[in-house]
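Below sits a lone chain in structure tokens, taken as the form predicted on its own.
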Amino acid sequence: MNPLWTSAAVVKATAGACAGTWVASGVSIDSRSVKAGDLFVALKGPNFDGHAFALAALKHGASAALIHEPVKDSGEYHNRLVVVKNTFAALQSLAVAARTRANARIVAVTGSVGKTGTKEALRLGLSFLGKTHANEGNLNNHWGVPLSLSRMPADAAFGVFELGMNHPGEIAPLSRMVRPHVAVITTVEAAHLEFFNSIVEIADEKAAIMDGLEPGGTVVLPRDNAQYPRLVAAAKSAGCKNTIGFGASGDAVARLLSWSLTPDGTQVAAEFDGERITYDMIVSGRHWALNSVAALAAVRAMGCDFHRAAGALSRLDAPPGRGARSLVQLAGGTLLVIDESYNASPAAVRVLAETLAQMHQPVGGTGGGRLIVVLGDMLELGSAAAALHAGLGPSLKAAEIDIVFTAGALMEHLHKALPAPMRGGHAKDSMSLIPLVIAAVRAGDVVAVKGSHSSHLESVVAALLALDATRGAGAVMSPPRDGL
């Protein structure tokens, strides 16, 4: 197997200096998870300094360490230190070098909601067509993207990169680093409004993914979104002549025709430029169906066999915190737990409610019981936060959600706005909410848990899974994969 990096290649890419010769099979910035053969990059930030852990990384098997400050007691490891001017800049240089040497076809994905699901659909679909590399988990920011690029093997056939942002000006430099052949914008919604004056500004930031688009590239845009005309105009301004609209509307080139829940997930019927296909996934909901249509549109734009990619989606499972479903065995039957605890936005909560509305009929062996939603604060919504939280009420009522539990100061606005019969209980935080939720659930219920990551609703999920009467843990319907 060819090494990911040689000492000579690292020195050349980073303009560094190293006295030794070695090869690296991976790149790491975390000494706690460093693997034998990794190149450890000692990043330095306001609250951490990787140089303090460089020696430990080398002792745990790292091939070398990239540093810009002296490492105390390096002694025998001196020849495995690469000295550069700045380790973060060096990591970016490694990323650029990895992209330059690659012959892979590259897809970049961004959007207010659904970018991780779309990335995973692309990763899975393309992996059936050739060697595919993608960023792990949510490594989608200013350091996660260069780290992910630096890990891309030179012989990869495809690369899939999720690009995220919190503030203006973050997407464009990431796109210029990734240089995608196809760019996907999943949707534009009210997320990160704390740092943007309007949804229009969010649309402009998402459109910046086109800044790095390769000549002759294609952009896949959300046809049903209110910002679609603005995104199309941005594509024209960027010189992108190839645009594909995806969605459920009649004039979408990549069109979701129908979706339906099955005991195992979702069945999808879609049309691509007039060609109809059907496929199954073991994830549930219209949002997953739309994500898959966007992903297949991107596969098709690359000239690849999107029929094979669609077939591969039967293995697409939801990552923990992003829709993973678990059956919990209770004394009188089963409880279905849907774990959406990783993040939340108003649009994502509405999509979850729409999916749950389909579960009034028995799905996954739940027996058609009550629909229960547990919600935590949605962050980074700025001055509109209170109204956006309270405004979730109509969607939850329309979906005929039976009980809503809320946690956090912002979610209290929703709690007060709900009709009394829907109020399951409110608490100041997730830990205080657990006893209320546990006391309420019963066999046959469907319980969906969703909130921003810092709301820590994963603790509620863990408490629900611990109710399992036979194994002490939920029987996971969609087994999570490592690194998601």
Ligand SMILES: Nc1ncnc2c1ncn2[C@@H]1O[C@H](COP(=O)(O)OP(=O)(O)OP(=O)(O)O)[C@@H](O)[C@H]1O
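One rule holds for the numbers: they count along the sequence shown, beginning at 1. Fair warning: this is a prediction, and the values are worked out from it, not measured in the lab.
Omitted from view is the form predicted together with the ligand, to which the following refers.
Comment: 116 to 124 is the region of 116 to 124, 330 to 338, 271 to 279, 211 to 219 lying near the ligand in the predicted bound form, near meaning a non-hydrogen atom within 4.5 Å.
Under a 4.5 angstroms non-hydrogen atom cutoff, the ligand in the predicted bound form lacks residue 148 among its neighbouring residues.
Under a 4.5 angstroms non-hydrogen atom cutoff, the ligand in the predicted bound form has residue 343 among its neighbouring residues. Shown alone here, residue 187 lies within 4.5 Å of the ligand in the predicted bound form, counting heavy atoms only. Proximity of residue 287 to the ligand in the predicted bound form: non-hydrogen atoms within 4.5 Å are present. Although the ligand is omitted here, in the predicted bound form none of 18, 63 and 92 has a heavy atom within 4.5 Å of it. For the candidate set 348, 81, 385, 301, a heavy atom within 4.5 Å of the ligand in the predicted bound form is found for exactly one residue, namely 348.
Contact with the ligand in the predicted bound form, judged by any heavy atom within 4.5 Å, is made by just one of 326, 355, 175, 140: 140.
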